[in-house]
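Below, in structure tokens: the form predicted alone, a single chain.
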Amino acid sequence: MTRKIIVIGAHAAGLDAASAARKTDRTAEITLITKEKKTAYSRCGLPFVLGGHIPTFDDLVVFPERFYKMMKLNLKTETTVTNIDPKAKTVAIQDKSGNEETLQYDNLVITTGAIPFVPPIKGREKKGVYVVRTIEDGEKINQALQTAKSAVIVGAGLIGLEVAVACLERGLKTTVVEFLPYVLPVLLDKGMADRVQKELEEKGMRIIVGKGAEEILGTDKVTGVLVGGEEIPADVVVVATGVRANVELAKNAGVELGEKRAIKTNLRMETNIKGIYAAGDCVETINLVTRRPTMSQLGTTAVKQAKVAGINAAGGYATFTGALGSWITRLFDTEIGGTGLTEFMAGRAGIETVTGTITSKTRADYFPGALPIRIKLIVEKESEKLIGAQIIGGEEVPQRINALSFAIQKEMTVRELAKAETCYAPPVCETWEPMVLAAEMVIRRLR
């Protein structure tokens, strides 16, 4: 009997689930269904097309059409799944012409992703207000930026700041509005966030923190945004206030949601309904430090979960144990990244911490081109284990984040980190690795 596998969604998670399923079962009949025209493109790349670093939106499409034929994947684009019937093991679909069809499955993988959350700001339905999620969104913003003089970005998370940088690079007067008290509020602690803000302001970006957008002004089209009683002119408004898991379809089929209002799965990425798996931004995961449910809506988490879901849906065996939420970005010439818990998040989880922050250089001080790097480590006081890290630097940030992520996953203590052996050569790094110096700073505080 040929195994029938249906994957709902065909982006990072959907495609990786289908590929993993195909590698596990060479004969399975695998169908991918997506509402969008374009499949499996990098959403994370959208701001960098807007900024002109990547020539076109088409460059974000990872796999050509021949890939689907080669992998024997039956791809249905511009098709909506209207219902899942777990008892009959069917999904009802509708294509763009309105034709309806019912498909049978043995195993199903839900990768419905997330939808942009737009807070109830007065005037949000006006022309010139955008969100950033799909290639279509990107194309609309790109079109608007060609004639715009000023932009307001609502939300100072990763996407918000990346889009703000793109607007500034294209010569627009750019203002970022963040309701919380500092930029990147979920990812950085205040001290580190203030540094990022200062660097962005030095490049000419205006950043307003601790205030929300009260109203989007203009008659039919946007002319400005009201913030704390001040009218800020804007031809373009981009709302980047985060995303919400897209779970309607799953919920209606009886799939259980977790405490984060996203799909709950076991270690094999299987839901409460046998034969239905889920992966990506629509799923909650376990935080590897707190062991509590969390949302890790990152491409890296999505593809790892998807691989596990795909292998299991095709009759194999694989598990996904959880995420640290390691992240990185580059804003102008500065790399910013983090992994594990922030000091603030640790406090909220009831964990007592000790931290250490140091500033060093990315190469030997006397070597031309040495750039500053600032590292903050967060350590659980009693066990002395490393539980979080944040880095801002001119270069070489991603691999340090990766190294610290490995350290957290291996439950390394700060004393072990301080004794870790590292490499050295003047053109590439210092004799004393900055991560080790930060560890020593924490040890002094522990005493």
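Don't overthink the numbering: it's just position in the shown sequence, from 1. This is a predicted model, so every value here is computed, not measured.
Keep in mind that the form predicted together with another copy of the chain is missing from the display, and what follows is about it.
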Quiz prompt | Heavy atom within 4.5 Å of another copy of the chain in the model of the complex - the one residue of 120, 368, 171, 204 that qualifies | solution = 368
Quiz item: Within 4.5 Å of another copy of the chain in the model of the complex, heavy atoms considered, which of 387, 417, 50, 392?
Solution: 417
Quiz item: Which of 105-113, 237-245, 208-216, 316-324 has heavy atoms within 4.5 Å of another copy of the chain in the model of the complex?
Solution: 316-324
Quiz item: Candidate spot 87, 253 and 260, all three in 4.5 Å heavy atom range of another copy of the chain in the model of the complex?
Solution: no
Quiz item: Is residue 128 a contact residue for another copy of the chain in the model of the complex, using a 4.5 Å heavy atom cut-off?
Solution: no
Quiz item: Is the gap between residue 303 and another copy of the chain in the model of the complex 4.5 Å or less for some heavy atom pair?
Solution: yes
Quiz item: Should residue 433 be classed as touching another copy of the chain in the model of the complex when contacts are defined as heavy atoms within 4.5 Å?
Solution: yes
Quiz item: How about residue 328: is it within 4.5 Å of another copy of the chain in the model of the complex, going by heavy atoms?
Solution: yes
Exercise. Can you tell me which bits of 13-30 touch another copy of the chain in the model of the complex, meaning any heavy atom within 4.5 Å?
Key: 16
